[in-house]
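Only one chain is included here, represented as structure tokens and corresponding to the form predicted alone.
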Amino acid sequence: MPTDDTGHPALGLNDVVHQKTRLALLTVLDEAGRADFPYLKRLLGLTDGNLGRPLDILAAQGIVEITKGYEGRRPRTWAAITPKGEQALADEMSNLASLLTRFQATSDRKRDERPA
């Protein structure tokens, strides 16, 4: 959940969502709606283990839903972002946007204060 005006935006970052691979997975799933394991591995350059564990963590929190089935005779695992996951991602992006705004304002102020 984004912080209010009294808290620093970094305090609102979600430890479950913010980890690099999990954040990447959520952004891909938000764009795609649903994706299978091979697609996610290929797109993000991950191994089975480097993909499976983050998906398990997100699924345990109700942020993604994992379904298993078959495509023809081949077993498939799909991941889809849940409404809770969409909200968690939106909150994370809002906090990151607030951090970026603060950073840019500070950088601009520093640049303006430098002697010409």
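Predicted, not measured: the structure shown is a model, and the values here were computed from it. So that there is no doubt, residue numbering starts at 1 and follows the sequence shown.
Below, we turn to the form predicted in complex with a further copy of the same chain, even though it does not appear here.
Although the partner is absent from this view, V28 contacts a further copy of the same chain in the model of the complex, with a non-hydrogen atom inside 4.5 angstroms. Put simply, L89 is close to a further copy of the same chain in the model of the complex: some heavy atom of it is within 4.5 Å.
Residue contact check for R109: one or more of its heavy atoms lie within 4.5 Å of a further copy of the same chain in the model of the complex.
Contact annotation for I66: none of its heavy atoms lies within 4.5 Å of a further copy of the same chain in the model of the complex. With contact defined as any non-hydrogen atom lying within 4.5 angstroms of a further copy of the same chain in the model of the complex, the contacting residues in 84 to 103 are E86, L89, A90, M93, L96, A97, L99, L100, R102, F103, given in sequence order.
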